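Have a look below at one chain only, the form predicted alone, in structure tokens format.
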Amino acid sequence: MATAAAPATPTLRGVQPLRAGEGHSFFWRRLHSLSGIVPIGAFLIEHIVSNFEAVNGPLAYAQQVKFLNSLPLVRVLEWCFIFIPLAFHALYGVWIAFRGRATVNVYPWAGNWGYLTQRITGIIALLYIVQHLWRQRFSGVNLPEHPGAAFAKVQHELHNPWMLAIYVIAMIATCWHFAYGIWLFAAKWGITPGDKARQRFGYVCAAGGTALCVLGLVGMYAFINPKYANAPEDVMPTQPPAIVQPVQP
């Protein structure tokens, strides 16, 4: 009597589903999810709120930049809580994105669209952040040493229509990525168990992400507002030391 052959195990492609405690990927994915909220998400909120100070004019914005760069151990904080976590979140996110496979053409469900848009907005945010850090932080006028030049430096960049369009697209993409990331974080970490809880929290995330995006776009508009056209190159120029005249005997 012939014995039926066992069915061959199908080869699965893309990112495989994970269960609690299985392999190192579970830990790294949890760390990736957490890093998107703290500290990266917290920094995003702070950065948008700080940039909103531009609506009060070049001097107010310069004072905000000066305050942030006068914090104790600011360079250590910058590397430990911004650059290193951001590099990990971005690189691991790219690895996840390229291993995954979008199936919206076969299963056009909301979850699949969310998966796809989260990957696309993440790539957009990464490309924007790289160029933004290079142009505003590591090239041209050194803003930590010359905070008074911060407003004019951003203003000159946004006067280019192409750069303005890039900034607007990046702001929308980044806020979407962050808001949907919070929703995913709550679902993955068991904070919102059940479909109803996730649906309600989805409304909260959508409202918060929209508010944050509007705040960022309004702050961005301040740099191209005709009210502040042709801002001084440095509203807080370093004063040369006073020359003391010798006393005549």
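Worth saying up front: this structure is predicted, and the values here are computed from it rather than measured. Position 1 is the first residue in the sequence shown; the rest follow in order.
From this point on, the text means the form predicted together with a small molecule, which you will not see here.
Visitor: By the heavy atom within 4.5 Å rule, which residue out of Ala152, Ala90, Leu143, Met171 makes contact with the small molecule in the predicted bound form?
Guide: Here the answer is residue option Ala90.
Visitor: Select from the listed residues Ile123, Ile84, Leu133, Leu158 the one whose heavy atoms reach within 4.5 Å of the small molecule in the predicted bound form.
Guide: Checked against the cut-off, the match is Ile123.
Visitor: Look at the stretches 60-68, 178-186, 46-54, 202-210 and give the one with heavy atoms within 4.5 Å of the small molecule in the predicted bound form.
Guide: Looking at the partner contacts, the answer comes out as 178-186.
Visitor: Taking a heavy atom within 4.5 Å as contact, would all three of Gly41, Arg119 and Ile129 count as contacting the small molecule in the predicted bound form?
Guide: Yes: each residue has a heavy atom within 4.5 Å of the partner.
Visitor: At 4.5 Å between heavy atoms, is Gly36 in contact with the small molecule in the predicted bound form?
Guide: Although the small molecule is absent here, Gly36 would touch it in the predicted bound form, with heavy atoms inside 4.5 Å.
Visitor: Any chance Arg29 has a heavy atom within 4.5 Å of the small molecule in the predicted bound form?
Guide: Contact with the small molecule, yes.
Visitor: Looking at the partner-bound form in the predicted bound form, is Ile96 within 4.5 Å of the small molecule by any heavy atom?
Guide: Result yes; Ile96 sits at the interface with the small molecule in the predicted bound form.
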